[in-house]
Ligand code: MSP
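Here we start with a single chain on its own, the form predicted on its own, put down as C-alpha coordinates.
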(Lines give C-alpha, C1' and ligand atoms only; values in the text may rest on other atoms or scores of the structure.)
Protein backbone atom coordinates (compact mmCIF):
# COMPACT_ATOMS: atom_id res chain seq x y z
CA UNK A 1 0.00 0.00 0.00
CA UNK A 2 1.37 3.42 -1.01
CA UNK A 3 1.78 5.83 1.91
CA UNK A 4 0.84 9.50 1.49
CA UNK A 5 2.78 12.52 2.73
CA UNK A 6 1.50 16.10 2.51
CA UNK A 7 3.85 18.99 3.34
CA UNK A 8 3.12 22.70 2.99
CA UNK A 9 4.95 25.99 3.14
CA UNK A 10 2.90 28.89 4.43
CA UNK A 11 1.43 30.77 1.51
CA UNK A 12 3.54 33.89 1.11
CA UNK A 13 2.02 37.33 1.40
CA UNK A 14 2.38 39.21 -1.91
CA UNK A 15 3.39 42.58 -0.55
CA UNK A 16 7.11 42.36 -1.28
CA UNK A 17 9.78 40.41 -3.12
CA UNK A 18 10.91 36.98 -1.86
CA UNK A 19 13.71 37.05 0.73
CA UNK A 20 15.81 34.52 2.63
CA UNK A 21 12.96 33.65 5.01
CA UNK A 22 10.81 32.50 2.10
CA UNK A 23 13.72 30.51 0.66
CA UNK A 24 14.48 28.89 4.03
CA UNK A 25 10.96 27.56 4.56
CA UNK A 26 10.62 26.44 0.97
CA UNK A 27 13.94 24.59 0.85
CA UNK A 28 13.18 22.81 4.14
CA UNK A 29 9.84 21.61 2.76
CA UNK A 30 11.44 20.59 -0.52
CA UNK A 31 14.06 18.48 1.27
CA UNK A 32 11.28 16.66 3.12
CA UNK A 33 9.22 16.18 -0.04
CA UNK A 34 12.20 14.80 -1.97
CA UNK A 35 13.27 12.54 0.89
CA UNK A 36 9.79 11.08 1.31
CA UNK A 37 9.38 10.48 -2.43
CA UNK A 38 12.70 8.65 -2.53
CA UNK A 39 11.52 6.67 0.48
CA UNK A 40 8.44 5.37 -1.32
CA UNK A 41 5.79 7.87 -0.30
CA UNK A 42 3.24 9.46 -2.60
CA UNK A 43 3.95 13.11 -1.86
CA UNK A 44 1.97 16.30 -2.20
CA UNK A 45 4.08 19.44 -1.70
CA UNK A 46 2.17 22.71 -1.69
CA UNK A 47 3.29 26.33 -1.78
CA UNK A 48 1.71 29.51 -3.07
CA UNK A 49 0.68 33.09 -2.36
CA UNK A 50 -1.73 34.86 -0.01
CA UNK A 51 -3.25 37.73 -1.96
CA UNK A 52 -6.14 39.39 -0.13
CA UNK A 53 -6.41 42.03 2.57
CA UNK A 54 -6.31 45.75 3.23
CA UNK A 55 -2.52 45.98 3.00
CA UNK A 56 -2.53 44.55 -0.53
CA UNK A 57 -5.38 46.85 -1.56
CA UNK A 58 -3.48 49.92 -0.31
CA UNK A 59 -0.23 48.80 -1.94
CA UNK A 60 -1.96 48.22 -5.26
CA UNK A 61 -3.43 51.73 -5.19
CA UNK A 62 -0.01 53.18 -4.37
CA UNK A 63 1.46 51.28 -7.32
CA UNK A 64 -1.24 52.57 -9.68
CA UNK A 65 -2.52 49.05 -10.36
CA UNK A 66 -5.73 47.20 -9.75
CA UNK A 67 -5.51 44.71 -6.89
CA UNK A 68 -5.75 41.86 -9.40
CA UNK A 69 -2.90 43.20 -11.55
CA UNK A 70 -0.78 43.89 -8.49
CA UNK A 71 -1.18 40.41 -6.98
CA UNK A 72 -0.60 38.67 -10.31
CA UNK A 73 2.66 40.57 -10.76
CA UNK A 74 3.96 39.86 -7.26
CA UNK A 75 2.73 36.28 -7.15
CA UNK A 76 4.87 35.58 -10.21
CA UNK A 77 7.99 36.50 -8.23
CA UNK A 78 7.22 33.67 -5.80
CA UNK A 79 6.38 31.26 -8.60
CA UNK A 80 9.74 32.12 -10.20
CA UNK A 81 11.46 31.44 -6.87
CA UNK A 82 10.29 27.82 -6.98
CA UNK A 83 12.35 27.35 -10.13
CA UNK A 84 15.36 29.24 -8.79
CA UNK A 85 15.41 27.03 -5.68
CA UNK A 86 14.74 23.83 -7.70
CA UNK A 87 11.63 23.16 -5.62
CA UNK A 88 9.71 19.98 -6.42
CA UNK A 89 6.29 21.36 -5.41
CA UNK A 90 3.29 19.59 -6.92
CA UNK A 91 0.98 22.59 -6.63
CA UNK A 92 1.19 26.36 -6.43
CA UNK A 93 -1.95 27.97 -5.06
CA UNK A 94 -3.15 31.56 -5.21
CA UNK A 95 -5.94 32.65 -2.88
CA UNK A 96 -7.49 34.61 -5.75
CA UNK A 97 -8.14 31.40 -7.73
CA UNK A 98 -11.77 30.29 -8.21
CA UNK A 99 -11.05 26.93 -6.53
CA UNK A 100 -9.97 28.72 -3.36
CA UNK A 101 -12.85 31.18 -3.32
CA UNK A 102 -15.20 28.20 -3.63
CA UNK A 103 -13.47 26.33 -0.77
CA UNK A 104 -13.34 29.34 1.55
CA UNK A 105 -17.01 30.14 1.04
CA UNK A 106 -17.95 26.48 1.52
CA UNK A 107 -16.09 26.25 4.84
CA UNK A 108 -17.61 29.54 5.96
CA UNK A 109 -21.10 28.27 5.16
CA UNK A 110 -20.47 25.01 7.03
CA UNK A 111 -19.31 26.89 10.12
CA UNK A 112 -22.25 29.28 9.90
CA UNK A 113 -24.71 26.39 9.70
CA UNK A 114 -23.06 24.76 12.73
CA UNK A 115 -23.46 27.95 14.75
CA UNK A 116 -19.70 28.52 14.89
CA UNK A 117 -19.92 31.93 13.15
CA UNK A 118 -22.24 34.75 14.22
CA UNK A 119 -22.80 38.40 13.27
CA UNK A 120 -21.79 41.11 15.76
CA UNK A 121 -19.67 44.25 15.75
CA UNK A 122 -15.97 44.76 16.34
CA UNK A 123 -14.35 47.54 18.29
CA UNK A 124 -10.65 47.31 18.99
CA UNK A 125 -7.09 47.78 17.79
CA UNK A 126 -6.07 46.66 14.30
CA UNK A 127 -2.73 46.67 12.47
CA UNK A 128 -2.95 47.02 8.71
CA UNK A 129 0.69 45.97 8.34
CA UNK A 130 0.19 42.77 10.31
CA UNK A 131 -3.39 42.25 9.11
CA UNK A 132 -4.05 41.39 12.74
CA UNK A 133 -6.29 42.39 15.66
CA UNK A 134 -4.72 43.11 19.06
CA UNK A 135 -6.14 43.35 22.56
CA UNK A 136 -5.29 46.41 24.63
CA UNK A 137 -3.17 44.19 26.87
CA UNK A 138 -1.04 43.09 23.91
CA UNK A 139 0.04 46.62 22.89
CA UNK A 140 3.51 47.88 23.77
CA UNK A 141 4.10 50.81 26.11
CA UNK A 142 4.41 53.10 23.06
CA UNK A 143 0.98 52.02 21.84
CA UNK A 144 2.28 49.93 18.96
CA UNK A 145 1.57 46.26 18.19
CA UNK A 146 3.94 43.62 19.67
CA UNK A 147 5.59 43.54 16.22
CA UNK A 148 6.24 47.29 16.29
CA UNK A 149 3.55 48.01 13.72
CA UNK A 150 1.19 50.96 14.05
CA UNK A 151 -2.35 50.15 15.15
CA UNK A 152 -5.60 52.00 14.64
CA UNK A 153 -8.89 51.88 16.51
CA UNK A 154 -11.46 50.04 14.41
CA UNK A 155 -15.22 49.88 14.81
CA UNK A 156 -17.34 48.06 12.25
CA UNK A 157 -19.90 45.27 11.87
CA UNK A 158 -18.17 41.91 11.86
CA UNK A 159 -18.81 38.21 11.81
CA UNK A 160 -17.10 36.30 14.60
CA UNK A 161 -15.78 32.76 14.88
CA UNK A 162 -16.52 31.19 18.29
CA UNK A 163 -12.86 30.55 19.08
CA UNK A 164 -13.57 30.80 22.81
CA UNK A 165 -15.64 27.60 22.57
CA UNK A 166 -12.54 25.64 21.61
CA UNK A 167 -10.11 26.57 24.37
CA UNK A 168 -10.54 23.44 26.48
CA UNK A 169 -10.75 21.14 23.48
CA UNK A 170 -7.56 22.62 22.03
CA UNK A 171 -5.74 22.05 25.32
CA UNK A 172 -6.98 18.46 25.37
CA UNK A 173 -5.81 18.09 21.78
CA UNK A 174 -2.31 19.40 22.58
CA UNK A 175 -2.12 17.04 25.56
CA UNK A 176 -3.07 13.99 23.48
CA UNK A 177 -0.88 15.05 20.52
CA UNK A 178 2.42 16.13 22.11
CA UNK A 179 4.21 16.28 18.74
CA UNK A 180 1.61 18.53 17.11
CA UNK A 181 3.62 21.71 17.74
CA UNK A 182 7.38 21.88 17.31
CA UNK A 183 9.89 22.90 18.45
CA UNK A 184 9.24 22.78 22.19
CA UNK A 185 9.60 26.56 22.55
CA UNK A 186 6.72 27.00 20.12
CA UNK A 187 4.62 24.46 21.97
CA UNK A 188 5.23 26.22 25.28
CA UNK A 189 4.25 29.57 23.76
CA UNK A 190 0.99 28.19 22.40
CA UNK A 191 0.04 26.39 25.61
CA UNK A 192 0.60 29.57 27.61
CA UNK A 193 -1.39 31.68 25.17
CA UNK A 194 -4.38 29.33 25.01
CA UNK A 195 -4.42 28.84 28.79
CA UNK A 196 -4.52 32.63 29.23
CA UNK A 197 -7.96 32.63 27.57
CA UNK A 198 -9.27 32.70 24.01
CA UNK A 199 -11.77 35.28 22.79
CA UNK A 200 -13.97 35.04 19.72
CA UNK A 201 -12.21 36.02 16.51
CA UNK A 202 -13.42 38.74 14.13
CA UNK A 203 -13.47 37.02 10.73
CA UNK A 204 -14.91 39.61 8.35
CA UNK A 205 -14.30 43.22 7.32
CA UNK A 206 -16.52 45.90 5.75
CA UNK A 207 -14.07 48.81 5.39
CA UNK A 208 -12.49 47.56 2.16
CA UNK A 209 -13.43 45.20 -0.68
CA UNK A 210 -10.31 43.23 -1.69
CA UNK A 211 -11.19 39.85 -0.29
CA UNK A 212 -13.52 36.87 -0.66
CA UNK A 213 -17.14 37.91 -0.33
CA UNK A 214 -18.98 36.46 2.66
CA UNK A 215 -21.73 34.12 1.36
CA UNK A 216 -25.13 35.88 1.28
CA UNK A 217 -23.70 39.08 2.78
CA UNK A 218 -21.50 40.79 0.16
CA UNK A 219 -21.01 43.90 2.33
CA UNK A 220 -18.46 41.78 4.21
CA UNK A 221 -15.24 40.19 2.97
CA UNK A 222 -13.61 37.27 4.75
CA UNK A 223 -10.74 38.29 7.07
CA UNK A 224 -7.50 37.60 5.21
CA UNK A 225 -6.06 35.15 7.73
CA UNK A 226 -9.27 33.13 7.93
CA UNK A 227 -9.29 32.92 4.14
CA UNK A 228 -5.56 32.13 3.85
CA UNK A 229 -5.51 29.15 6.19
CA UNK A 230 -8.17 27.40 4.11
CA UNK A 231 -5.73 27.13 1.17
CA UNK A 232 -4.37 23.88 2.59
CA UNK A 233 -7.68 22.07 2.13
CA UNK A 234 -8.45 23.92 -1.11
CA UNK A 235 -5.42 22.17 -2.60
CA UNK A 236 -6.83 18.83 -1.42
CA UNK A 237 -10.06 19.38 -3.34
CA UNK A 238 -12.32 20.77 -0.60
CA UNK A 239 -15.31 20.99 -0.52
CA UNK A 240 -15.30 17.84 -2.69
CA UNK A 241 -14.26 15.23 -0.15
CA UNK A 242 -14.46 12.62 -2.91
CA UNK A 243 -11.67 14.39 -4.82
CA UNK A 244 -8.57 12.21 -5.47
CA UNK A 245 -6.51 14.85 -3.66
CA UNK A 246 -8.58 14.59 -0.48
CA UNK A 247 -6.60 11.44 0.38
CA UNK A 248 -3.71 13.76 1.33
CA UNK A 249 -5.68 15.49 4.08
CA UNK A 250 -4.84 15.87 6.93
CA UNK A 251 -1.47 17.47 6.23
CA UNK A 252 1.52 15.67 7.69
CA UNK A 253 3.36 18.95 8.21
CA UNK A 254 2.66 22.67 8.03
CA UNK A 255 6.03 24.46 7.98
CA UNK A 256 5.76 28.07 9.17
CA UNK A 257 7.84 30.92 10.57
CA UNK A 258 7.54 31.41 14.31
CA UNK A 259 5.69 34.72 13.80
CA UNK A 260 2.60 32.92 12.47
CA UNK A 261 2.49 29.89 14.75
CA UNK A 262 -0.63 31.07 16.60
CA UNK A 263 -2.68 31.13 13.40
CA UNK A 264 -1.59 27.62 12.47
CA UNK A 265 -1.53 25.95 15.90
CA UNK A 266 -4.61 27.58 17.46
CA UNK A 267 -7.01 29.21 14.99
CA UNK A 268 -6.60 26.68 12.18
CA UNK A 269 -7.18 23.48 14.22
CA UNK A 270 -10.10 25.19 15.96
CA UNK A 271 -11.64 26.04 12.57
CA UNK A 272 -11.22 22.45 11.41
CA UNK A 273 -12.60 20.93 14.61
CA UNK A 274 -15.58 23.27 14.39
CA UNK A 275 -16.19 22.16 10.81
CA UNK A 276 -15.88 18.47 11.69
CA UNK A 277 -12.71 18.05 9.62
CA UNK A 278 -9.42 16.32 10.55
CA UNK A 279 -6.65 18.50 11.98
CA UNK A 280 -3.10 18.60 10.59
CA UNK A 281 -0.64 16.22 12.20
CA UNK A 282 2.17 18.67 12.91
CA UNK A 283 3.06 22.36 12.80
CA UNK A 284 6.74 23.28 12.88
CA UNK A 285 7.73 26.91 13.49
CA UNK A 286 11.31 27.63 12.43
CA UNK A 287 13.46 30.56 13.55
CA UNK A 288 14.50 33.81 11.92
CA UNK A 289 17.69 34.85 10.17
CA UNK A 290 19.88 37.79 11.00
CA UNK A 291 22.42 39.22 8.56
CA UNK A 292 25.98 39.39 9.91
CA UNK A 293 24.53 39.64 13.40
CA UNK A 294 22.04 42.40 12.57
CA UNK A 295 18.27 42.12 12.46
CA UNK A 296 17.14 42.06 8.83
CA UNK A 297 14.96 45.00 7.76
CA UNK A 298 14.28 47.06 4.67
CA UNK A 299 15.12 50.23 6.60
CA UNK A 300 18.64 48.90 7.27
CA UNK A 301 18.98 47.85 3.63
CA UNK A 302 20.27 44.40 4.62
CA UNK A 303 17.56 42.16 3.19
CA UNK A 304 19.13 38.99 1.75
CA UNK A 305 18.00 38.22 -1.79
CA UNK A 306 18.16 34.45 -2.36
CA UNK A 307 18.61 34.93 -6.11
CA UNK A 308 21.78 36.98 -5.53
CA UNK A 309 23.16 34.35 -3.14
CA UNK A 310 22.42 31.52 -5.57
CA UNK A 311 24.15 33.45 -8.35
CA UNK A 312 27.19 34.02 -6.12
CA UNK A 313 27.56 30.62 -4.48
CA UNK A 314 25.50 28.10 -6.45
CA UNK A 315 22.16 26.56 -5.56
CA UNK A 316 23.44 23.36 -3.93
CA UNK A 317 25.80 25.27 -1.65
CA UNK A 318 23.08 27.78 -0.71
CA UNK A 319 20.60 25.01 0.13
CA UNK A 320 23.23 23.13 2.13
CA UNK A 321 24.18 26.17 4.21
CA UNK A 322 20.57 27.02 5.09
CA UNK A 323 19.97 23.62 6.67
CA UNK A 324 23.46 22.77 7.93
CA UNK A 325 24.36 25.94 9.77
CA UNK A 326 21.91 25.85 12.69
CA UNK A 327 19.60 23.48 14.49
CA UNK A 328 16.27 23.85 12.69
CA UNK A 329 13.85 25.79 14.88
CA UNK A 330 16.49 28.14 16.30
CA UNK A 331 17.37 31.58 14.99
CA UNK A 332 20.38 31.73 12.67
CA UNK A 333 22.89 34.26 11.38
CA UNK A 334 23.66 34.59 7.68
CA UNK A 335 27.40 35.21 7.62
CA UNK A 336 29.23 35.29 4.29
CA UNK A 337 32.42 34.18 6.04
CA UNK A 338 30.68 31.22 7.65
CA UNK A 339 28.96 30.35 4.36
CA UNK A 340 32.28 30.28 2.53
CA UNK A 341 33.87 28.19 5.30
CA UNK A 342 31.03 25.67 5.00
CA UNK A 343 31.37 25.51 1.22
CA UNK A 344 35.14 25.12 1.26
CA UNK A 345 35.41 22.83 4.29
CA UNK A 346 32.35 20.58 4.08
CA UNK A 347 31.64 20.60 0.38
CA UNK A 348 34.84 21.30 -1.58
CA UNK A 349 37.40 19.77 0.81
CA UNK A 350 35.00 17.18 2.23
CA UNK A 351 32.64 15.48 -0.17
CA UNK A 352 33.98 17.13 -3.32
CA UNK A 353 37.57 16.15 -2.58
CA UNK A 354 36.53 12.61 -1.67
CA UNK A 355 34.71 12.13 -4.97
CA UNK A 356 37.51 13.70 -7.02
CA UNK A 357 40.25 11.63 -5.37
CA UNK A 358 38.42 8.33 -5.67
CA UNK A 359 37.09 8.76 -9.19
CA UNK A 360 40.40 10.12 -10.47
CA UNK A 361 42.28 7.12 -9.03
CA UNK A 362 39.78 4.75 -10.64
CA UNK A 363 40.19 6.59 -13.92
CA UNK A 364 43.96 6.43 -13.72
CA UNK A 365 44.54 3.00 -12.18
CA UNK A 366 41.52 0.88 -13.14
CA UNK A 367 41.10 1.87 -16.79
CA UNK A 368 38.22 4.09 -15.77
CA UNK A 369 36.09 1.11 -14.78
CA UNK A 370 34.41 0.13 -11.51
CA UNK A 371 37.09 -1.99 -9.78
CA UNK A 372 36.70 -5.65 -8.93
CA UNK A 373 36.55 -6.14 -5.17
CA UNK A 374 38.46 -8.92 -3.46
CA UNK A 375 37.85 -10.18 0.06
CA UNK A 376 36.71 -7.38 2.37
CA UNK A 377 38.66 -6.68 5.53
CA UNK A 378 36.99 -5.50 8.78
CA UNK A 379 38.01 -1.89 8.06
CA UNK A 380 36.26 -2.08 4.68
CA UNK A 381 33.14 -3.62 6.17
CA UNK A 382 33.00 -0.97 8.90
CA UNK A 383 33.02 1.92 6.41
CA UNK A 384 30.51 0.23 4.11
CA UNK A 385 28.19 -0.48 7.05
CA UNK A 386 28.34 3.18 8.15
CA UNK A 387 27.36 4.32 4.66
CA UNK A 388 24.74 1.60 4.17
CA UNK A 389 23.07 2.56 7.46
CA UNK A 390 22.54 6.20 6.54
CA UNK A 391 18.92 6.07 5.37
CA UNK A 392 17.83 4.13 8.44
CA UNK A 393 19.51 6.75 10.64
CA UNK A 394 18.10 9.69 8.70
CA UNK A 395 14.44 8.62 8.73
CA UNK A 396 13.68 9.58 12.37
CA UNK A 397 15.69 12.79 12.00
CA UNK A 398 13.67 13.84 8.97
CA UNK A 399 10.45 12.98 10.79
CA UNK A 400 11.53 15.47 13.47
CA UNK A 401 12.76 18.06 10.91
CA UNK A 402 16.26 17.70 12.39
CA UNK A 403 18.01 18.68 9.16
CA UNK A 404 21.27 19.75 10.77
CA UNK A 405 21.61 16.45 12.63
CA UNK A 406 20.86 14.55 9.42
CA UNK A 407 23.59 16.38 7.53
CA UNK A 408 26.01 15.92 10.43
CA UNK A 409 25.35 12.18 10.21
CA UNK A 410 26.05 12.16 6.48
CA UNK A 411 29.27 14.11 6.98
CA UNK A 412 30.49 11.67 9.61
CA UNK A 413 30.61 9.15 6.77
CA UNK A 414 32.29 11.68 4.44
CA UNK A 415 34.96 12.27 7.09
CA UNK A 416 35.38 8.56 7.74
CA UNK A 417 35.76 7.88 4.02
CA UNK A 418 38.42 10.59 3.60
CA UNK A 419 40.28 9.14 6.60
CA UNK A 420 39.99 5.65 5.05
CA UNK A 421 41.57 6.96 1.83
CA UNK A 422 44.52 8.34 3.80
CA UNK A 423 44.88 5.19 5.91
CA UNK A 424 44.62 2.74 3.00
CA UNK A 425 46.79 4.88 0.68
CA UNK A 426 45.66 3.25 -2.59
CA UNK A 427 48.44 5.15 -4.44
CA UNK A 428 50.94 3.10 -2.46
CA UNK A 429 48.98 -0.14 -2.87
CA UNK A 430 49.29 0.38 -6.62
CA UNK A 431 52.96 -0.46 -6.27
CA UNK A 432 52.60 -3.37 -3.87
CA UNK A 433 49.13 -4.97 -4.07
CA UNK A 434 46.91 -4.17 -7.08
CA UNK A 435 44.13 -6.46 -5.88
CA UNK A 436 43.95 -4.70 -2.52
CA UNK A 437 44.01 -1.31 -4.25
CA UNK A 438 41.06 -2.37 -6.40
CA UNK A 439 39.14 -3.51 -3.31
CA UNK A 440 39.77 -0.22 -1.52
CA UNK A 441 38.67 1.82 -4.53
CA UNK A 442 35.56 -0.34 -4.95
CA UNK A 443 34.62 0.22 -1.31
CA UNK A 444 35.06 3.96 -1.78
CA UNK A 445 33.00 3.99 -4.97
CA UNK A 446 30.20 2.19 -3.12
CA UNK A 447 30.41 4.70 -0.28
CA UNK A 448 30.12 7.51 -2.84
CA UNK A 449 27.01 5.82 -4.26
CA UNK A 450 25.35 5.80 -0.83
CA UNK A 451 26.38 9.42 -0.26
CA UNK A 452 25.08 10.44 -3.67
CA UNK A 453 21.73 8.87 -2.85
CA UNK A 454 21.26 10.54 0.52
CA UNK A 455 22.35 14.04 -0.51
CA UNK A 456 19.78 14.17 -3.31
CA UNK A 457 17.03 15.77 -1.19
CA UNK A 458 19.39 18.44 0.14
CA UNK A 459 21.46 19.12 -2.98
CA UNK A 460 19.59 17.65 -5.94
CA UNK A 461 22.06 18.98 -8.52
CA UNK A 462 25.19 17.69 -6.79
CA UNK A 463 23.50 14.39 -5.93
CA UNK A 464 22.56 13.81 -9.56
CA UNK A 465 26.04 14.76 -10.80
CA UNK A 466 27.73 12.36 -8.38
CA UNK A 467 25.40 9.49 -9.29
CA UNK A 468 25.90 10.28 -12.98
CA UNK A 469 29.66 9.91 -12.51
CA UNK A 470 29.03 6.50 -10.97
CA UNK A 471 26.62 5.63 -13.83
CA UNK A 472 23.83 4.82 -11.36
CA UNK A 473 20.66 4.28 -13.39
CA UNK A 474 17.72 6.61 -12.74
CA UNK A 475 15.64 3.69 -11.49
CA UNK A 476 18.37 2.92 -8.93
CA UNK A 477 18.33 6.29 -7.19
CA UNK A 478 15.58 5.89 -4.60
CA UNK A 479 15.70 4.42 -1.09
CA UNK A 480 13.93 1.16 -1.83
CA UNK A 481 15.83 -1.95 -0.80
CA UNK A 482 16.29 -2.84 -4.46
CA UNK A 483 17.97 0.48 -5.28
CA UNK A 484 19.77 0.99 -1.99
CA UNK A 485 21.39 -2.44 -2.12
CA UNK A 486 22.15 -2.37 -5.85
CA UNK A 487 25.94 -2.70 -5.78
CA UNK A 488 27.98 -1.01 -8.47
CA UNK A 489 28.74 -3.33 -11.39
CA UNK A 490 32.44 -4.19 -11.53
CA UNK A 491 33.98 -3.48 -14.93
CA UNK A 492 31.44 -0.79 -15.79
CA UNK A 493 33.05 2.14 -17.63
CA UNK A 494 32.83 5.44 -15.74
CA UNK A 495 33.04 8.90 -17.32
CA UNK A 496 35.94 11.22 -16.61
CA UNK A 497 35.37 12.80 -13.17
CA UNK A 498 34.17 16.38 -12.91
CA UNK A 499 34.48 18.48 -9.73
CA UNK A 500 31.32 18.76 -7.62
CA UNK A 501 32.00 21.87 -5.55
CA UNK A 502 34.42 24.63 -6.54
CA UNK A 503 36.10 26.52 -3.73
CA UNK A 504 34.89 30.07 -3.16
CA UNK A 505 36.19 33.34 -1.74
CA UNK A 506 39.44 33.78 0.08
CA UNK A 507 38.64 31.53 3.03
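In this text the structure is predicted, and so the values were computed from the model without any measurement. Positions refer to the first chain, counted from 1.
Below: the form predicted together with the named molecule, not depicted.
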Region of this chain that lies against the named molecule in the predicted bound form, out of 348 to 356, 187 to 195, 255 to 263, 315 to 323 [heavy atom, 4.5 Å]: 255 to 263
13, 50 and 225 - do all three of these have some heavy atom no more than 4.5 Å from the named molecule in the predicted bound form? yes
Close approach of residue 289 to the named molecule in the predicted bound form, 4.5 Å, heavy atom: yes
Please check if residue 296 has a heavy atom lying within 4.5 Å of any heavy atom of the named molecule in the predicted bound form. yes
Does the named molecule get within 4.5 angstroms of any non-hydrogen atom of residue 21 in the predicted bound form? yes
Residue 229 within 4.5 Å of the named molecule in the predicted bound form, heavy atoms: yes
